[in-house]
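First comes one chain, alone, set out as structure tokens in the form predicted alone.
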Amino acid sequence: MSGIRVENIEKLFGKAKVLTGVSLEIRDQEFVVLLGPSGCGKTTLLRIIAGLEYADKGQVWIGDREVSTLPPRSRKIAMVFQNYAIFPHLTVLENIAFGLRMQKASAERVKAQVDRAATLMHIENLLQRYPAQLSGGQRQRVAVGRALAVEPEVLLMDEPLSNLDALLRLEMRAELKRLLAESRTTTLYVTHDQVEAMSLADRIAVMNVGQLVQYDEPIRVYQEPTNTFVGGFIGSPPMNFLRLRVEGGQARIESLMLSLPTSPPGQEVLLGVRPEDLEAYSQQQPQSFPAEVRVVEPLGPHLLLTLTYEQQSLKATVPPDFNISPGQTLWLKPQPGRLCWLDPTSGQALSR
């Protein structure tokens, strides 16, 4: 197996710069997710690694080989696309065997690898069927099985679950995690779905407007975003940001004074806090501040509240049996140790 390293990748489409100085290293057997909104450059970066696009600047390494100018067939990769890209006129067996036969593998190796891939994907009983006779989830399993059958050094996946319905996507997500843990294949996976990223990845590379803005373990990306974009993009609902005054080296919110990790550059600071990290009370509590309830959304395991504090909107979650109505005032207590502090001008996190 092999790791992946990209160094200072830049890409232009016409005059539009799609990628700007992107550097990324993926360890051997690691599962990394490229996460970001549509148009941020994540698929372009994946295609550059695959050899389907060429960078205007920078280098791509797979293992100890620089592959920046090599065609896809010479990079020892396999790719799974969003639209499956399996051949409708071939059976499942023939689809899985296709890459091996293009490599002129022996009949014995073809049979062994097809059997192995079909067993991993739990499609042993579908080998004689055609794609038209399969469900969307089964077609996706065939596409992944075909990629793994050639034993690639690197597996590249471009939003492979986006065409599936919500329940099937949940099932396939768990299957993919199991499968790739067993196959031990270095994997780079592109998605705009932050739930997929959080549940699948060893590390998440968050991209925005052609740049890599944070690269870390999922829990650190969630709890310690490097800027307001990451905090606002990761999480459903996203992180709250409240603009507060700074007095005597502390942030004031009503009578509550909160310690800062470092002195902010101005007289204001942004408090970043997740909705689940705001404890809600119907009566005033020590270390709490008031907020007016505007919207109550029952979501099953909890109620999602939209509130306002000094014309600033924020979200909080409470138990489903919490007795609350729009127009009431709640008292919110931020959980110590779960707060982020950011510069309101640059949006960057203050050093801890």
Partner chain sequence: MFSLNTRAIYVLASLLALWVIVPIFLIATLAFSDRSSVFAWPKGIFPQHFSLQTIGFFFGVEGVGRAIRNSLVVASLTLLFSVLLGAPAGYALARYRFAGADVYRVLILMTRAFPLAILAIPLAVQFIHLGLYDTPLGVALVHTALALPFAVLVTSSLFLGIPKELEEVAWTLGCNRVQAFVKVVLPLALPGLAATAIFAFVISWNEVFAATLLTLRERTLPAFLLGALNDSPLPFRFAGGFLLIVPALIFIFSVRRYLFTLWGIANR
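As the structure is a prediction and not an experimental result, all values here were calculated from the model. Positions refer to the first chain, counted from 1.
Unshown form predicted together with its partner chain; subsequent notes refer to it.
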property	result
Selected contact from P237, P264, P218, P72, since only one has a non-hydrogen atom within 4.5 angstroms of its partner chain in the predicted complex	P72
Proximity to its partner chain in the predicted complex, single hit among L170, M102, V209, M257 (heavy atom within 4.5 Å)	M102
R139, heavy atom within 4.5 angstroms of its partner chain in the predicted complex	no
In the predicted complex, V213 touching its partner chain (heavy atom, 4.5 Å)	no
Heavy atom of L52 within 4.5 Å of its partner chain in the predicted complex	yes
4.5 Å heavy atom contact, Y222 to its partner chain in the predicted complex	no
Stretch in contact in the predicted complex with its partner chain, which is absent here, among 86-94, 249-257, 111-119, 186-194 (heavy atoms within 4.5 Å)	86-94
Within 4.5 Å of its partner chain in the predicted complex: residues from 138-158 (heavy atom criterion)	R146, V150
